[in-house]
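The chain below stands alone and is given as structure tokens, in the form predicted alone.
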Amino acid sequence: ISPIPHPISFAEEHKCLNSELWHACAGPLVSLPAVGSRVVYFPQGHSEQVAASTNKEIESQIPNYPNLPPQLICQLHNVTMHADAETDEVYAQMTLQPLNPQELKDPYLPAELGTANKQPTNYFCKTLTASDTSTHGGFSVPRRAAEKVFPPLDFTMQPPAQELFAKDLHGNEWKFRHIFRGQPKRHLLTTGWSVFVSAKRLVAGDSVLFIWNDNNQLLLGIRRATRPQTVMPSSVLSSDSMHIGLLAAAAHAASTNSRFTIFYNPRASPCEFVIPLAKYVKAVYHTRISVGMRFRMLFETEESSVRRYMGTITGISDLDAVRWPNSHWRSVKVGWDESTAGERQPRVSLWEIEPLTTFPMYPTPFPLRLKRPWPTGLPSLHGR
């Protein structure tokens, strides 16, 4: 139904991953919707994940599925967190069931905005340098990071040193020697570090993160820098097959109200394509936007913190009017402030941005001309 890098083994399927470490590896802006809540699934966004992970744009000959709407309202039955055995890449498996017309009329709880993600508070993330990944070097730990996350060293020792034990996403334990030495003095991980780098096949540009959790455990995760995939794993179908597979599965589920399974890879996906229904309704029906309006949007920084960037709305239109008419996916064209433009997307979705307005917000409908009506009853259910 949707590509995953490698088949899930029975043992991994029944192992509960550490949620805090999974979310740290996924990134500070990622949150998974609550099981049992209502969500909106965007097949268009799912296709973007396939295109990003295979470095291949969607082909024009992929068939259209007229009974598959651009946004599909579903009940979220199950969410499980996984990490790829080969790459440590984190992904989530979700079981969705489209709502039938009667269920669409049922009131929903405002609490269904989604639960706060399990981002850790006591952690650090560092992008590896060439010396961090050399075979005869060690890992240079920023001083404030070492003092915040690692157990304190005994400075009566010369040189101060200790053994650290850290568990990765698969529950494997890694042992490192943590030492404070050099000129000027700095925190280093020495013995055991090169074994870890070799085993995980880390290169400069990849990131590592260490967490000290509430159970006084040291956890260790990695994030790989995005690099072009020259050889696709044999278990992965062709890009076109994946697009057709995910669209056919979603279309079948939509027409029969049956459950279907999707895989979400937060590091490969440009954006979340399963979002809480309440978040969607608030953005689409209760937010007034117009061309020329200023807004801000959250982005992840290199060291895994969060920063707001400013921009201006320059247009409102379908991203793909032929294949996905009347879609709210990336329907807002934006211009970023020049100093922060960088690699940012020229199109965003309404729920990703925070409009900066000087007038009060009224629950007015989203001013995008819809060619066909929204499912009966939905707008009127949400506080109107």
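These numbers were taken from a predicted model, which means no experiment stands behind them. Residue numbers run from 1 along the displayed sequence. Here, rigid core means the biggest group of C-alpha atoms that superpose within 1.5 Å across both forms.
Here the subject shifts to the form predicted together with the DNA, a form of this protein not shown in this document.
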| item | value |
| --- | --- |
| Option from 191 to 199, 260 to 268, 307 to 315, 287 to 295 whose residues, in the predicted complex, bring a heavy atom within 4.5 Å of the DNA | 191 to 199 |
| Contact label in the predicted complex: Q183 to the DNA, heavy atom within 4.5 Å | yes |
| Contact flag, K148 vs the DNA in the predicted complex, heavy atom cut 4.5 Å | no |
| Residue contact check: N213 to the DNA in the predicted complex, 4.5 Å heavy atom | no |
| In the predicted complex, K126 touching the DNA (heavy atom, 4.5 Å) | yes |
| Heavy atom within 4.5 Å of the DNA in the predicted complex - residue from I179, L72, A83, L209 | I179 |
| Interface residue in the predicted complex among R224, R143, H170, H77, criterion: non-hydrogen atom within 4.5 angstroms of the DNA | R143 |
| Large Cα shift (2 Å or above) at Q158 between the shown form and the other one, core-fitted | yes |
